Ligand SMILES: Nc1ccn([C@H]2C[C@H](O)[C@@H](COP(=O)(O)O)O2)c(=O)n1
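Okay, here we've got a single chain as structure tokens, the form predicted on its own, with questions on binding and movement later.
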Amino acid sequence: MIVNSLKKFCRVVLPLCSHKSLSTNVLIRQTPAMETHFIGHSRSSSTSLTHRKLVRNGEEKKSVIWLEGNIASGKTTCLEYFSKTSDIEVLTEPVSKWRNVKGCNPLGLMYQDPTRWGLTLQTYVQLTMLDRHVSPMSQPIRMLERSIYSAKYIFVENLFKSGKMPEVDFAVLSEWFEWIIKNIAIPVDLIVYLQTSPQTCYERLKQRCREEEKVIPLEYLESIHNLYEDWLIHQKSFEVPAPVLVIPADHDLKKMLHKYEENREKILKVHCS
């Protein structure tokens, strides 16, 4: 299935001889703890490979924003808020696909027995997220819930580090991921990180009562939180492919809507830069 799908993706993308890279001169604002702020990033040597990657034809001037955060950090609310803005295309995680693959629920199976089903789910997550990344854009700006990077750097890493994914499964997923980012351009101009405490996520998770999430303990959310902080805040674990805008998201709905409005220009001006 994966090979055939990748062939399909390759048929709809064309090589591009040049690519406008993001500026590395990103202002890092020194702000008090838990205030909204940008974090700069550095481009790795992989930038030099950009001209050899497969990219979507004619869309290099469009902008892509990734919305990242822990489970129940408020991503859905944020996406719904910006979906009402013209010229923005919002793509949520394809959770419905993860819950139903020809009548099977790999998401639910993974939470019940991650050692047995982690590879199955994460292989499919990698495929469906790649599909999201390379699909043609219908608007000048795309806001995407999570990414193939967080699928690997957060959720696959957590399974492996917690001892719930065998080393061979981790190696297979890692090789797939490295092949993808080496050979297919995954566009991103800004990462918006909804920074939420694990305890807040746990309380929200219990309130929304999704069937698969009933078995998620607080410790799992703490692990996901720590991996996100190491990646996007401390930037010491993996490559950060774009500037990061941090929005504290422990607040109630009314205040969060206000914060999204406060940060509208910072989020949307990426298209104008």
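All residue numbers are counted from 1 along the displayed sequence. As the structure is a computational prediction, the values presented were derived from the model and not from experiment.
From this point on, the text means the form predicted in complex with the ligand, which you will not see here.
Report the residue, out of I141, L130, L107, I191, that has at least one non-hydrogen atom within 4.5 angstroms of the ligand in the predicted complex.
When the ligand is considered in the predicted complex, the option within 4.5 Å is L107.
Between Y81, Y111, F170, W176, only one gets a heavy atom within 4.5 angstroms of the ligand in the predicted complex; which residue is that?
The option sitting close enough to the partner is Y111.
Is every one of F160, K164 and V215 within 4.5 Å of the ligand in the predicted complex, counting heavy atoms?
Answer is no for this spot.
Within a 4.5 Å heavy atom cut-off, is R210 in contact with the ligand in the predicted complex?
Yes, contact at 4.5 Å.
Proximity of F155 to the ligand in the predicted complex, heavy atoms at 4.5 Å:
Taking the distances in the predicted complex, the answer for F155 is yes, it comes within 4.5 Å of the ligand.
Given that the ligand is not shown alongside this chain, does V134 nevertheless sit within 4.5 Å of it in the predicted complex, heavy atom to heavy atom?
Answer no; every heavy atom of V134 is more than 4.5 Å from the ligand in the predicted complex.
Classify I71 as contacting or not contacting the ligand in the predicted complex by the rule of any non-hydrogen atom within 4.5 angstroms, answering yes or no.
Yes, I71 sits close enough to the ligand in the predicted complex that at least one of its heavy atoms falls within 4.5 Å.
Select from 236-269 the residues with a non-hydrogen atom within 4.5 Å of the ligand in the predicted complex and write them out in sequence order.
Read in sequence order, no residue approaches the ligand (within 4.5 Å, in the predicted complex).
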